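What follows is a single chain, given as structure tokens, in the form predicted on its own.
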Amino acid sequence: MNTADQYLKAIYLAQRIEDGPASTGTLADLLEVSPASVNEMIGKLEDRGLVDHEKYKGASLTDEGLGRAHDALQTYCIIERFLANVLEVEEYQDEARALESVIDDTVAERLDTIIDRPGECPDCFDADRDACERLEVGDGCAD
């Protein structure tokens, strides 16, 4: 997953939170970057046909962008579940965010064979809580 995929994932989640186009402010908050950085990346994603952007309304994923965002969120969920349930890492969300940008598809696929991921993943991801609604954390992990 690369930076573009992280933005696509954030747009996907922001659209679910806002029930419509993702605003620059929400994306900046989710990604912990400046609104100017969001605007710059939105322009690049729009040039690549992954996002439609309308000034003052926000960004919406195209069909191709939606597919990539879905894959990116699934990779995040795999990492999060592996860290929480297999390695019992207490700060699994912070670690998952750090790892999602450097892990490749092959590693994610192999991790997926180790974890017990629900079939509806990543649609069970709760954007408001910023966590999978079905993730059960062991005694060694705290949120």
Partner chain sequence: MSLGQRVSSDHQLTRLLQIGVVLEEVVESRAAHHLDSLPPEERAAIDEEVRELLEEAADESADHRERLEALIDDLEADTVAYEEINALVDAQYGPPEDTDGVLYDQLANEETAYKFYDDLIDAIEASDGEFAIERERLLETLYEIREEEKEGVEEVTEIMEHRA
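Because the structure is predicted, anything quoted here is derived from the model rather than measured. Positions refer to the first chain, counted from 1.
Beyond the structure shown, there is the form predicted in complex with the partner chain, which is absent from this document and is the topic of what follows.
Taking non-hydrogen atoms only, K57 never approaches the partner chain to within 4.5 angstroms in the predicted complex. Using a 4.5 Å cutoff between non-hydrogen atoms, A22 does not count as a contact of the partner chain in the predicted complex. By the criterion of a heavy atom within 4.5 Å, E80 is excluded from the residues contacting the partner chain in the predicted complex. Residue contact with the partner chain in the predicted complex: E40 places no heavy atom within 4.5 Å of it.
Contacts with the partner chain in the predicted complex, taken as any heavy atom within 4.5 Å, map within 79-115 to F82, L83, V86, L87, E88, V89, E95, R97, A98, L99, E100, S101, V102, I103, D104, T106, V107, R110, L111, T113, I114, I115.
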